[in-house]
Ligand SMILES: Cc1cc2nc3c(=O)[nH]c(=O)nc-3n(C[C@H](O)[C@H](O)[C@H](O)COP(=O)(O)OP(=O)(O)OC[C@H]3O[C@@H](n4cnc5c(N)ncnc54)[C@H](O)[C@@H]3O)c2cc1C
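Shown here is one chain on its own, the form predicted on its own, set out as structure tokens.
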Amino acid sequence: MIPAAFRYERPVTIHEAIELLGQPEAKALAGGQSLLPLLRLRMAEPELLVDLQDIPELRGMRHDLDQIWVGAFVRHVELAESAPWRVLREAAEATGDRQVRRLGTIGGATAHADPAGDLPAALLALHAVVEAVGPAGRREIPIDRFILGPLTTELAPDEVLTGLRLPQPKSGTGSSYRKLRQKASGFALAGVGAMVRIEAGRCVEVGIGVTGVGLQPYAAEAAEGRLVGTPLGDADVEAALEALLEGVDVQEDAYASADYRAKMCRLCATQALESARAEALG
């Protein structure tokens, strides 16, 4: 299907982009791997499309003493090759096909908040912070508060997602992403990102991000709480994962029953935590 007619603008500064996005029925375009199919299906019909690719401030990665800043226009293929966290590299590599990974961006994937997207699970595991700029200035939003529902985020229509802040990997940290792929689409029927930090044989920090199971990607906080202070043994993980789906309405569709999806989610979580623990222990 041919998209509905729209105006097209390519600003070169964040300020220009914010002004354009303040116009009625304007929509930001990043990598386009989620938005363009919606345009073709006429599920989205913006009057103005604001292409952000010419804004240099949205590109690159910067390393500070204790943080990493990842620009919104860092593409999946760049993350798969050079992200400092393994969970990000694996989630980026698991996303779509080669064309999607070469065009899709971390900012676009985060702002789109697909219920079965891979990168949100990794970002939730790392307790990432979203950076957004709008008419009122700059603000930072923890990723678990940024994702509000399916395809719904805290980002205002006239704000630009400029990047994400991640912690620097410390000694004794490990991370991993595991997923059950829907064969036709490549989306996650269940996917889990995990990050752990171990000191003196005990888990002192953990993050678990889940995607493809509920109505939105989410942080499994109840399961995380049960793992802190444990040696992350098999029994510890098994007990903690009893809370993995706590309060979650597990989805059922033509591809997977709710029961099967829940079982695969636990399996992915077990594998991701085991892999993260192995990396943390060297």
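Don't overthink the numbering: it's just position in the shown sequence, from 1. Computed from a predicted model, the values in this text were never measured in an experiment.
Omitted from view is the form predicted in complex with the ligand, to which the following refers.
- Proximity of residue 241 to the ligand in the model of the complex: non-hydrogen atoms within 4.5 Å are absent; the residue sits far from the partner.
- With a 4.5 Å cutoff on heavy atoms, residue 72 counts as touching the ligand in the model of the complex.
- Taking the partner from elsewhere, residue 203 is found to have every heavy atom lying beyond 4.5 Å of the ligand in the model of the complex.
- Contact annotation for residue 165: none of its heavy atoms lies within 4.5 Å of the ligand in the model of the complex.
- Here the chain stands alone, but in the model of the complex its contact with the ligand, taken as any heavy atom within 4.5 Å, falls in 91-99 among 91-99, 190-198, 78-86, 136-144.
- The listed set 28, 232, 223, 219 contains one residue whose heavy atoms approach the ligand in the model of the complex to within 4.5 Å, identified as 28.
- This chain is drawn without the ligand; in the model of the complex, the residue among 35, 228, 248, 237 with a heavy atom within 4.5 Å of it is 35.
- Shown here without the ligand, the chain has 100, 103, 104, 105, 107, 108, 109, 111, 112 in 100-114 lying with a heavy atom within 4.5 Å of that partner in the model of the complex.
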